[in-house]
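Only one chain is shown below, in structure tokens, and it's the form predicted alone.
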Amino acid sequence: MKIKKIHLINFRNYVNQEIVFSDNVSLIYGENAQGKTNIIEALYLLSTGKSHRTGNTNELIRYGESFFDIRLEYEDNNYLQNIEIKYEKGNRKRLLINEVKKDRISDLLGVVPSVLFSPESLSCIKGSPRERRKIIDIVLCQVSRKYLYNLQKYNKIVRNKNVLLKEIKKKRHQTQQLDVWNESQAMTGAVIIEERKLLIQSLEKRMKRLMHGISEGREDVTLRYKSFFDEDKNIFNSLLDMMNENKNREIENEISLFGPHRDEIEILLNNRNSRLYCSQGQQRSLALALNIAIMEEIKDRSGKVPVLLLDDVMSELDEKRRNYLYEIIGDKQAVITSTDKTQFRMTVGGISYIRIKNGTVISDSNV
């Protein structure tokens, strides 16, 4: 699978622009605030259905306009195919795959898988538990329709249960109905936890190997999945018992307090919590290892090599880590943004150089 070109209309600072990608490395370069990251954002949106920078879709529309339209052409199984997302203020995003309208934006997950490595990627190491859950969920949703279905179902259950908890606290509802929601939440939550644990185990093995290479054998990684369930019990039964035992707490707080939406993934380096005790360089190494591990995982589970999106991260890595990343890229397809074109000339061959200025492609030459 290879992405070929993207067409942006009224997306961020782009009026009407087409960008053609190399089958290997496409380096998008130019000064700051010209629109380089906007291309990465559009590719990520076409891969996952979401922006990595904002939850407000209106912010993606060019100033003064009322809609955007982005279209990606890609090759898969020797066929040229396309994905298109259209959005107009006040409406939902519309998705078309090969000109066929889809009911849900999530239908694009796994079609063109991608892995994003950006300055924000450090949030998966030093950020909140929510950031790490988000990373894991995005990976699993790209490789497992079953996981996507259960995650969507679980989130709906939690939202409905929270409404009920508020009603019960206001004495507008009896507690009997809460038992039904608790059972549904525990059943769906158990599936999610089991899938997450399996992924964590696989990512840990990959990250151990990768960190061993990056640190020349000096650093070891451990991943821990921390949940509310009792390890000695069946996950479903443990979750259900926890919810039933804490009904009054949940009613008082008017919110669901237990389940995979509150779980934590701990990343330890040499048995110390990386969020608290790692240096900036070590955190960058962990983020790099995690993203490469995710790329390998998606390839092995889906059969597709994900597009690697590197947004302004080379300047954040020292020479050793940059060279390690270059080795990993190899013959994979990558889209890289940078303000500095020259550092890539002698390091990687076959780069397509794309200069961006004020939301316009200025030059495109192959080296």
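Please read all numbers here as calculations on a predicted model, not as lab measurements. In case it trips you up, residue 1 is the first one in the sequence shown, and so on.
One more form of this protein, predicted in complex with a small molecule, exists but is not displayed; see below.
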Is it the case that Asn38, even though its partner is missing from this view, gets within 4.5 Å of the small molecule in the predicted bound form, heavy atoms only?
yes
With the partner left out of view, is Ile329 within 4.5 angstroms of the small molecule in the predicted bound form by any non-hydrogen atom?
no
Mark Asn32 yes when one of its heavy atoms lies within 4.5 Å of a heavy atom of the small molecule in the predicted bound form, and no otherwise.
yes
Going by a heavy atom distance of 4.5 Å, is Asn13 a contact of the small molecule in the predicted bound form?
yes
Candidate stretches 43-51, 60-68, 302-310, 315-323, one within 4.5 Å of the small molecule in the predicted bound form by heavy atom
60-68
